[in-house]
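One chain comes next, on its own, written as structure tokens: the form predicted on its own.
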Amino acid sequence: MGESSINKLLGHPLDVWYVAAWDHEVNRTPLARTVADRPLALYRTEDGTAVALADACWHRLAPLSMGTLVGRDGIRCPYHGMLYNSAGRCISMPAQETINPSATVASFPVVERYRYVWVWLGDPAKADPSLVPDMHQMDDPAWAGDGLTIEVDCNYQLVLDNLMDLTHEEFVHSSSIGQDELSGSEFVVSHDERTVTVDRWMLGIDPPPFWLSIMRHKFPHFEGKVDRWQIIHFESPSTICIDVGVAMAGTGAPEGDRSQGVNGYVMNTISPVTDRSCVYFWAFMRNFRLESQVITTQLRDGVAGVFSEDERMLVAQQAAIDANPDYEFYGLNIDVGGMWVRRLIERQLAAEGRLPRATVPVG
């Protein structure tokens, strides 16, 4: 795999789509967000179009997110009143009629998809909407669910590591979704130019408490063994969707018949803020009992409790990395999926010319 993909926390690519906010967070009141070290001012024009501008006025760098919206698509600087349109061009200056032609702020490509507002911070000519990672379960009528946002004080790649290797559930989440069979089960890793997938099945096991409670939403009197699956799918640069579930043991789930079980998708997309902080957007979607808001809320709150355990571990891990700058990561068999994710990030950074020569991947 190469030493660099194991031992280093890499930078964040820019010629990619990152989530800046949930769609409901962006409205006619400017919103400040930082994505990949770039402060942004987010808002909607009068016709509902989402806009992402650099959050610094051309004049004295005052945050535009503190300003007010004017007219169809304008935003006024709160300091000296300069007015910008949604393309980032100044259209009005105080106390003068002539507008300096250099008076602009960066305007970034935006796509709304899957209940999120995605932003492209790199070369705008490369901002292809088809490159938005697939999270179709978020707004597919065959699925129901909800999610939240976590601000995590760690490098975004530590979150990716955490999600690509779920054997940590046995130890970090022992009271909810963890069980002994996780670390002992076989798994298969596959990958291509943009994706990495880790498949793991655990057959004929006792369901952990979280999954037993979900199973009983569909089969109220269920008792017995289950076949459990975790199919982790990473898509560049930082989206991981996890196909999870349990079914009555021996009823055909490994062969594709999940009718005697419950199926969920853990949707995760992580946006770097700085090299030591990130914003983690997640949701839990299900394809059963779609009408029940009670189940939606219970599952969201249950998963939030699980993820709070991850957050504590990730923040502690980042603190240990900072305290031991010369210490190297070491790889185990369970790290293969995460190592391939690092390799794809390396390749993206290399393609952008932003990877230090000493860490350019070989082969």
Partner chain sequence: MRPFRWADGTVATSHSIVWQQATVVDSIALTPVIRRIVLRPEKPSVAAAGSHIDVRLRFGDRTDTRSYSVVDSATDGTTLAISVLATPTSRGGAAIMHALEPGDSIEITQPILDFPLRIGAPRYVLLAGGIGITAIAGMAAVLKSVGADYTLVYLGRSRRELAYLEELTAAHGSRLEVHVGDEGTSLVVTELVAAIDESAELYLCGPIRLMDAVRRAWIERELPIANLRFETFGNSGWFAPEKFTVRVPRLGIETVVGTSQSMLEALEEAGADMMFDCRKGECGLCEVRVLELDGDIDHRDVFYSERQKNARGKICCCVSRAMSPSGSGATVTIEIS
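Please read these numbers as outputs of a predicted model, since none were measured by experiment. Numbering follows the first chain given and starts at 1.
Another form exists, predicted in complex with its partner chain; not displayed. Remarks below refer to it.
Visitor: Using a 4.5 Å heavy atom cut-off, which residue among 85, 236, 230, 137 comes into contact with its partner chain in the model of the complex?
Guide: Contact with its partner chain in the model of the complex is made by 85 alone.
Visitor: Select from the listed residues 155, 271, 162, 268 the one whose heavy atoms reach within 4.5 Å of its partner chain in the model of the complex.
Guide: Residue within 4.5 Å of the partner: 155.
Visitor: Look at the stretches 204-212, 280-288, 241-249, 105-113 and give the one with heavy atoms within 4.5 Å of its partner chain in the model of the complex.
Guide: Contact-bearing stretch, as computed: 105-113.
Visitor: My question is simply whether residue 124 lines the interface with its partner chain in the model of the complex - judged by any non-hydrogen atom within 4.5 Å.
Guide: Result yes; residue 124 sits at the interface with its partner chain in the model of the complex.
Visitor: Residue 275 near its partner chain in the model of the complex, any heavy atom under 4.5 Å?
Guide: Flag for residue 275 set to yes.
Visitor: Find out whether any non-hydrogen atom of residue 98 is located within 4.5 angstroms of its partner chain in the model of the complex, and reply yes or no.
Guide: Residue 98: yes, in contact with its partner chain in the model of the complex.
Visitor: Report yes if any heavy atom of residue 89 sits within 4.5 Å of a heavy atom of its partner chain in the model of the complex; otherwise report no.
Guide: Residue 89 belongs to the contact set for its partner chain.
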